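Shown below, as C-alpha cells, is a lone chain in the form predicted on its own; questions about how it binds or moves come after it.
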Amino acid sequence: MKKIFIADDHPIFRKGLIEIISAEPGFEVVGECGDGITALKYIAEKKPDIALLDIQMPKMNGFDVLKKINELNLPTKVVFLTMHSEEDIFEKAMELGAKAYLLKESVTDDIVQCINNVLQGKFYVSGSISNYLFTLNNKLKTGNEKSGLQKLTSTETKILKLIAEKKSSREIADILYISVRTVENHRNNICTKLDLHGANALLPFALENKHLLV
C-alpha cells in the first residue's frame, strides 16, 4: 500500500480527497491535518510516500514545508494543491522540487492520475496550466542557449545553482561530498566555459541566471 498524507486547512476539502483516494486500490490515506507545522512533524516522523500539501496553510505554508523536507532529505514526494494558477507561484513550486502542481478546481478528476504519475517518477501538472509549462520549457531552453549554460555538465550546473544561493566553496563541498579544491576546479571550468573573467564574475552571473538553473 502506498501511503498518502493530506494537509489542507479546509476540512470538507480534505474529506472529499480522502474518499476519492481511499476508494483506489493500493492507496492508503495515513494521516491528515490543517496546518503546515503539524504536516511537517508527521512527514518527518512517518515518511509517507506522497504528501498532498496546500500552498496556503496556517502556521507554515506549503513552500516552507517542502523546504524543510528538502533540508531533512526526506523521501516523501510533494504534490501541491492550490487555487493559484499564477506563473510565479508555479515556478516557485517547481524550483523547490515539487513533483506535481494540481489546481483544486480539477482535483476530483485528476488526483488519482496525478498520484500514479508521481509514484512512477513522473511530473504532473493540471491541464489548464500545461500550456504554460510548455512555454516555460521553451523559455528555459532559449535562455540556456543564450547564456551558455548548455555547455556545463550536470555537476557544474549544480555548483552554479548553489553559488546563486550564495553558498561558499566550503558549503558546496559539504553539500556535494567533494573537496573544496574540486569545487574550486569546477568554478574555474565554469568561468572558462562561460567566458567569465575576474575573481568576482561568477556570483553576479549566477544570480542573474538563477531562474534558468533548474
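Just so it is clear, the structure is predicted and the values come from calculations on it, not from any experiment. Take the two forms, find the largest set of C-alpha atoms that superpose within 1.5 Å, and that set is the rigid core. Note that residue numbering follows the sequence shown and begins at 1.
Here the subject shifts to the form predicted in complex with the DNA, a form of this protein not shown in this document.
- Residue R187 is the only one of K68, K161, R187, K46 with a heavy atom lying within 4.5 Å of the DNA in the predicted complex.
- Candidate site formed by I178, T182 and L196: every one of these residues places a non-hydrogen atom within 4.5 angstroms of the DNA in the predicted complex.
- Listed stretches are 36-44, 149-157, 60-68, 23-31; the contact stretch with the DNA in the predicted complex is 149-157, by a heavy atom cutoff of 4.5 Å.
- Interface residue remark: Q56 is not counted as part of the site for the DNA in the predicted complex, having no heavy atom within 4.5 Å.
- Proximity of L202 to the DNA in the predicted complex falls within the 4.5 Å heavy atom cutoff.
- Although the partner is absent from this view, C191 contacts the DNA in the predicted complex, with a non-hydrogen atom inside 4.5 angstroms.
- In the core-superposed comparison between this form and the one not shown, L17 has its Cα shifted by less than 2 Å.
- Relative to the superposed core, V183 shifts its CA atom by 2 Å or more between this form and the one not shown.
- Annotation: Cα of T155 displaced by at least 2 Å between this form and the one not shown, core superposition.
- Compared with the form shown here, the C-alpha atoms of A98 and E156 sit at least 3 Å farther apart in the predicted complex.
- Annotation for the pair K47/E171: C-alpha atoms recede from each other in the predicted complex, by 3 Å or more compared with this form.
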